[in-house]
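Shown below, as structure tokens, is a lone chain in the form predicted alone; questions about how it binds or moves come after it.
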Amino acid sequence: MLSRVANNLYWMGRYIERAEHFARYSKEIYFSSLDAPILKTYDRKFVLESMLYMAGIFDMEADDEKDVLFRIGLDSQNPNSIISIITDARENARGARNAISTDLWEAINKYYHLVNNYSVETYISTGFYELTQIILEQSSIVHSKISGTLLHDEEWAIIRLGMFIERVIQVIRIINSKLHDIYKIEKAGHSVTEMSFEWTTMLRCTESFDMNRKYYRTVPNKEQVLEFIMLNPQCPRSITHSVNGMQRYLLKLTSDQNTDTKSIAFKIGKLCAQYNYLSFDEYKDDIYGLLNSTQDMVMEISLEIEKKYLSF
């Protein structure tokens, strides 16, 4: 496989995963606030600030709802907007056109055109829900085409590796964003018992609410939600599941079992071991520290993968 093709496949996977998580977070935060039991969570500015925080946009005030929605959604001049991310996914798919199936290419191409041709006026007035639903539905179709129409070979593995790397990063961003929201709610003087709504929202942002309820059979609280999203290896959105996926798909790309502490395999293996044997009590007093160190490590691994396998 050419490095150029591998690079396109890797980033196609990452951008598809990024768009899906950002759209789901924005949708859940925006619409869950309509039923919020806490006045602070219901506040429009609070909701828009949360969406900007998740998007990594810190140079904009959350004063005008339409401006915020446009900036994070259909602003092609913003490289972190949803439309820019989907455009990047399509361009990378185009660059690897001969390595992917016609079904996958057509799904990604349709995905791009549905979003790119969506009316800005409709989107910022009444179409936010519809557009985010289109993104989530098309993302599911693309996922199915990746799994169901490609040979499960090295090219498929590099796509999956990119997706799992991006999933770790996005889940960490979601957790950090919601913890930031909860911190602001606590500062406003609300009690712990009112927080179950916020933990439920965090689960919905990671598409984990129903399985969390099945697993614990209790009202969501801080400990069980963070434990489920971060440590449960059976939860497909958890950090543990994703880092295990990183290791699994790296092994499909290389049989190198190098024990060199500076190797990619060693660093991923170390991260897997850390999460597979971690308990909530070990990090409950420094959740931000664990999340940030994990994100830094995954970013470092990503850069090394690009340097070793994707440079051309």
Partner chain sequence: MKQYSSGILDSYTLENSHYDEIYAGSKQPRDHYTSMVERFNQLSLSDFERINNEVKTAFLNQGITFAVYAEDKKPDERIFPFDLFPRIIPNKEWIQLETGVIQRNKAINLFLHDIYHKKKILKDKVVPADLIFSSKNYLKEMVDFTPEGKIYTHISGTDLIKHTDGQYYILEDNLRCPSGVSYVLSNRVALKKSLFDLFDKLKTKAIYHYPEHLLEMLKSVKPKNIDNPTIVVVTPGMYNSAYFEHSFLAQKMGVQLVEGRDLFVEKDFVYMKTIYGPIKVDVIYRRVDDEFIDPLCFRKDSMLGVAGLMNAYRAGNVTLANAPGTGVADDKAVYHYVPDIIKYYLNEEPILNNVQTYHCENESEGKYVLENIDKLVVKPVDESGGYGITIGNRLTKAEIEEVKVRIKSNPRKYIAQPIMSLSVHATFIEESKEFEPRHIDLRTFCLMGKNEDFVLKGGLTRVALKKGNLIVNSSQGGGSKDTWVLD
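Computed from a predicted structure; not experimentally measured. Residue numbers count along the first chain shown, from 1.
Here the subject shifts to the form predicted together with its partner chain, a form of this protein not shown in this document.
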- As a check of understanding, the residue in Arg94, Arg204, His180, Arg71 with any heavy atom within 4.5 Å of its partner chain in the predicted complex should be identified as Arg94
- Of these, Tyr118, Tyr215, Phe209, Trp105, which has a heavy atom no more than 4.5 Å from its partner chain in the predicted complex? Trp105
- Message: Among the candidate stretches 108 to 116, 128 to 136, 234 to 242, 181 to 189, which one is within 4.5 Å of its partner chain in the predicted complex when only heavy atoms are counted?
- Response: 108 to 116
- Find out whether any non-hydrogen atom of Leu253 is located within 4.5 angstroms of its partner chain in the predicted complex, and reply yes or no. yes
- Query: Could you tell me if Arg160 has a non-hydrogen atom within 4.5 Å of its partner chain in the predicted complex?
  - Reply: no
- Message: Would you classify Ser101 as touching its partner chain in the predicted complex, given a 4.5 Å non-hydrogen atom cut-off?
- Response: yes
- Message: Considering non-hydrogen atoms and a 4.5 Å limit, does its partner chain approach Arg173 in the predicted complex?
- Response: no
